[in-house]
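This document opens with one chain alone, in structure tokens, the form predicted on its own.
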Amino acid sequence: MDSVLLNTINGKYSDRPPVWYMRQAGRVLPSYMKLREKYTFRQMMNDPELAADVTLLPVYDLGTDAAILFSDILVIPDAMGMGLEFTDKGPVFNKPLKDSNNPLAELNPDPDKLNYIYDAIDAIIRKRPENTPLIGFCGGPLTVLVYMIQGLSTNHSFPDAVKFIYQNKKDTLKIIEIITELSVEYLKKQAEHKADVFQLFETHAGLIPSDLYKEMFLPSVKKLYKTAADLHLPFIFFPKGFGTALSTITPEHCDYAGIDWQTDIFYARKILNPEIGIQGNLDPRLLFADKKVISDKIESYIDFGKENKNWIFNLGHGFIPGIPFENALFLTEKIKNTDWKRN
């Protein structure tokens, strides 16, 4: 496949960085909002043809260099029988682990419950434009765990989940192992169905001290990466809020590391292992500003893009509802048309 994203990951650099966005299928796309008038999030995710169409909307509407699977990080606990509902206020579990006297007994992993996602991947591969890679993904072990314990997503400090981790370390490690085992199977199946790249979304990596994350959760990241590497599947690890702990990530954890908007990208490059590529890190809130401000910000990345060809342009987190579609389109075109001064 002649793809600027895959070429970059494989060390065949082009005159610009590849560009895709987290949460790109939805939120800012008028075409997506039109579909949402007819279908619920769950209906779109569960229908392979609809999921494929939504996955590909940003490729057609924004001109992104890759599609990312339209799904959710919480399909893993959903496949464990936790009763996930997608409400207008976000995902909610019917049986959060914090309310259980025996949390481990609540988990009944059934890999077959994820089959509808592989059907969606098959439909995406069939429908996608030529030379458009598909990014598969799953949630990081800490992020999935805290949702499972807390039960809902309205309080992103997850107080009950953090309390649970400190009070029930032994059970927490067992739950992490269950999450990891199913996530490994999930990754393998996505690769089998021809996903081209895989991203691990550790959205809440900054929730606990980095030494505790390194002790309890980084072994799972290492296991997932080894699975991907054995399958020759490029692996991006996005630990949002990790800050200076980026220095603890090694080539045993990922091929590329996603950088959030709180971390200066030059500093991230300085402390990150030089063998690891970099992805990120525009503050998505900048897209509420006018096009001159957006343009000036991209110009400020030119020196970085010139010096660092193993760089994938992305946001430092996902698109935010209300961002003008015109600004998202302008940003994509600006990335593609800027002279990155690469010889």
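Residue numbers run from 1 along the displayed sequence. All values reported here derive from a predicted model rather than from experimental measurement.
One more form of this protein should be noted, the form predicted in complex with coproporphyrinogen III, which is absent from this view; the next part is about it.
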{"item": "Three-residue site 103, 164 and 176 fully in contact with coproporphyrinogen III in the model of the complex at 4.5 Å by heavy atom", "value": "no"}
{"item": "Residue 309: touches coproporphyrinogen III in the model of the complex, heavy atom cutoff 4.5 angstroms", "value": "no"}
{"item": "Residue contact check: residue 225 to coproporphyrinogen III in the model of the complex, 4.5 Å heavy atom", "value": "no"}
{"item": "Touches coproporphyrinogen III in the model of the complex: residue 213 (any heavy atom, 4.5 Å)", "value": "no"}
{"item": "Distance check, residue 72 to coproporphyrinogen III in the model of the complex, heavy atom within 4.5 Å", "value": "yes"}
{"item": "Partner-facing stretch of 72 to 80, 107 to 115, 126 to 134, 243 to 251, counted where any non-hydrogen atom is within 4.5 angstroms of coproporphyrinogen III in the model of the complex", "value": "72 to 80"}
{"item": "Contacting member of 91, 96, 234, 206, with respect to coproporphyrinogen III in the model of the complex [4.5 Å, heavy atom]", "value": "91"}
{"item": "One residue of 147, 186, 256, 217 in contact with coproporphyrinogen III, assessed in the model of the complex (non-hydrogen atom, 4.5 angstroms)", "value": "147"}
{"item": "Residues from 12 to 33 in contact with coproporphyrinogen III (non-hydrogen atom within 4.5 Å) in the model of the complex", "value": "23, 24, 25, 26, 27, 32"}
